[in-house]
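First comes one chain, alone, set out as structure tokens in the form predicted on its own.
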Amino acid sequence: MLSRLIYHSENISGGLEGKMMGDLNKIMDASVRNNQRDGITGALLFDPIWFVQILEGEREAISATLRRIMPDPRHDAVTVMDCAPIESRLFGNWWMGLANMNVHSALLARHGLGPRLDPRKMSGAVTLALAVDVARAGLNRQVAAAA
């Protein structure tokens, strides 16, 4: 059964500088490789405080992926926001797309979320709508490390 899982976690890998950007590129490399193998698509939204990830695929595959993600030491307090069956993918062109939410304050405001990402104040539906708008604005495959 095709499903979508949305979760958020606390980013404990540091601010938006060299180490975190390098960590994100490693995460993206592994995500693309694993997700392509497992038939999972999705998006990862981030800022210095939060990660918000959407995974789409067969329920068993996204459950296994979440179990693999949860113990990663670069984040903490993984919280599932929503998990439901779906008829079609919204991120079907992305094994994993990436968006720095610090550059999307206008989209956050459009969804009534204020200037900063705070998934604790968001429902799964609002998170999904935001992620779709961010994808329309353009997701990335990697981030450039700060000099």
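From 1 onward, residues are counted along the sequence shown. These figures come from a predicted structure and were not determined experimentally.
There is another form of this protein, the form predicted in complex with a small molecule, and it is not shown here; the text below is about that form.
Contact here is defined as any heavy atom lying within 4.5 Å of the small molecule in the predicted bound form, and by that definition each of N34, R68 and M96 is a contact residue.
Interface membership of I27, defined by any non-hydrogen atom within 4.5 Å of the small molecule in the predicted bound form, is confirmed. The closest heavy atom approach of I62 to the small molecule in the predicted bound form falls outside 4.5 Å.
For L117, no non-hydrogen atom is located within 4.5 Å of the small molecule in the predicted bound form, even though that partner is not displayed. For the chain shown alone, L44 is a contact residue for the small molecule in the predicted bound form, at least one non-hydrogen atom being within 4.5 angstroms. Annotated contact segment (heavy atom within 4.5 Å of the small molecule in the predicted bound form): 47-55, selected among 80-88, 47-55, 118-126, 99-107.
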